[in-house]
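There is one chain below, alone, in structure tokens, taken in the form predicted alone.
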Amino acid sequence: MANVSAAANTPTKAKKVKKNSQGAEVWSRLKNRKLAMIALAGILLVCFIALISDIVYPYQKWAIEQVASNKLLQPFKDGSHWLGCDHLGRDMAARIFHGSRVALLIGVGSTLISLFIGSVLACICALYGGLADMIIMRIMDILSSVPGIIISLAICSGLGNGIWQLMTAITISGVSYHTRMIRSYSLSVAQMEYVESSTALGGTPTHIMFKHLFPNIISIIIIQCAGNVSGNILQVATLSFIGLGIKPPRPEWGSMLNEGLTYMMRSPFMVWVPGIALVFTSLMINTFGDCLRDAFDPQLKGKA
């Protein structure tokens, strides 16, 4: 009877053993790293600021309207302008808050678009190979031979200033890097037995791409995304700093830095405020990207 009872309980115990998904394992490793949680909190803070900017600081009244009496008002001199005002009397805190929207929109948007294009091209190279692989990679070689900032400068010079022009420029400049990186992982996945079996059973390239390739390279895509957003935000600021970014008077951190240079000796806060916002955002995203890469590292599996 004891043996029968033990045998009856065995399946019940076996059912309780549940293998954690990759996402759960990654999150478990991230939770155990204080640096990752600090960086995540910083990213969430920037996103929260972007979301509430219109509520806290109505765009037209605070970020655009010029008040002559508030020109170069120093920080903490007025309770309603705690970060001071710029040379035109516009509230610096309001422009920082609304500038975060531009930074996140272009930084994240251009990264996602370029990653999607690069992932599709990489999967095409891995699935078809031959002539398709050669043509795509030669085009990527041409693009990667020119620095991304030069490509962005050329595109922005031709298309003009604006959000969609910046997104187009930064997207094109980043496609080659993502394609080359993801292609190496896609090639190894495409040689797996289950991909060959799916091909032998008549699976179409589209089916194989979305059913087998994408799910198995999603980790590298996420890592690429986290590591590339901060670079794109800095690139947006660089283009705006030299006058090829957002059209004024729309607030953008790079253009705010450019405006503050003229008044740096008299009112250094005009440079410090957008500079700190830019460095903080980039640092938090970069740090979280590094932690995320370590969390996805297969060599760390089981050590959390």
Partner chain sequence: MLKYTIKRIILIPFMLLVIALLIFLFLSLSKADAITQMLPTQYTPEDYYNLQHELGLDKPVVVQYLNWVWGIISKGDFGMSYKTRGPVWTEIGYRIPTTLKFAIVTTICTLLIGVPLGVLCAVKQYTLVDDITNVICKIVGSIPGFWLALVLLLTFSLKLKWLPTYGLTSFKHWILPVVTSVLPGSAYYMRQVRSSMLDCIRKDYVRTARSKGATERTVIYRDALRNALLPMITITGSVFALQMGGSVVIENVFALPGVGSKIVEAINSKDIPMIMASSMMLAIICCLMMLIIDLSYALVDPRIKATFVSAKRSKKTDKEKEKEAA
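Numbering follows the first chain given and starts at 1. Rigid core here is just the name for the largest C-alpha set that superposes within 1.5 Å across the two forms. Only a predicted model underlies this, so the values are computations on that prediction, with no experimental measurement involved.
One more form of this protein exists, namely the form predicted in complex with its partner chain; it is left out here, but the text below deals with it.
Original post:
Considering its partner chain in the predicted bound form, which of I149, C225, L105, I218 comes within 4.5 Å of it through any heavy atom?
Top reply: Result of the distance check: I149.
Subject >> Of G42, G275, P58, P249, the one that lies within 4.5 Å of its partner chain in the predicted bound form (heavy atoms) >> reply: That would be G275.
Original post:
For the chain seen here without its partner, which of 229 to 237, 199 to 207, 86 to 94, 112 to 120 has a heavy atom within 4.5 Å of its partner chain in the predicted bound form?
Top reply: Selected stretch: 229 to 237.
Original post:
Any chance S80 has a heavy atom within 4.5 Å of its partner chain in the predicted bound form?
Top reply: Close contact is absent here: in the predicted bound form, S80 is far from its partner chain, nothing within 4.5 Å, heavy atoms only.
Original post:
Taking heavy atoms only, is L261 within 4.5 angstroms of its partner chain in the predicted bound form?
Top reply: Flag for L261 set to yes.
**OP:** Examine L159 and determine whether its closest non-hydrogen atom to its partner chain in the predicted bound form is within 4.5 angstroms.
**Re:** L159 belongs to the contact set for its partner chain.
Original post:
Looking in the predicted bound form, any heavy atom of A154 within 4.5 Å of its partner chain?
Top reply: So A154 counts as contacting its partner chain.
Subject >> Within 101 to 118, the residues that have a heavy atom no more than 4.5 Å from its partner chain in the predicted bound form >> reply: Sequence-ordered list is empty.
**OP:** Return yes or no for S186: a CA shift of at least 2 Å between this form and the one not shown, with the rigid core superposed?
**Re:** Comparing the forms between this form and the one not shown, which are aligned on their rigid core, S186 does shift its C-alpha by 2 Å or more.
Subject >> CA of V102, rigid core aligned, shift of 2 Å or more between this form and the one not shown >> reply: No, because once the rigid core is superposed, the C-alpha of V102 moves less than 2 Å between this form and the one not shown.
**OP:** Would you tell me if G129 moves between this form and the one not shown by 2 Å or more at its C-alpha, with the rigid core held superposed?
**Re:** Comparing forms between this form and the one not shown, the G129 CA shifts at least 2 Å.
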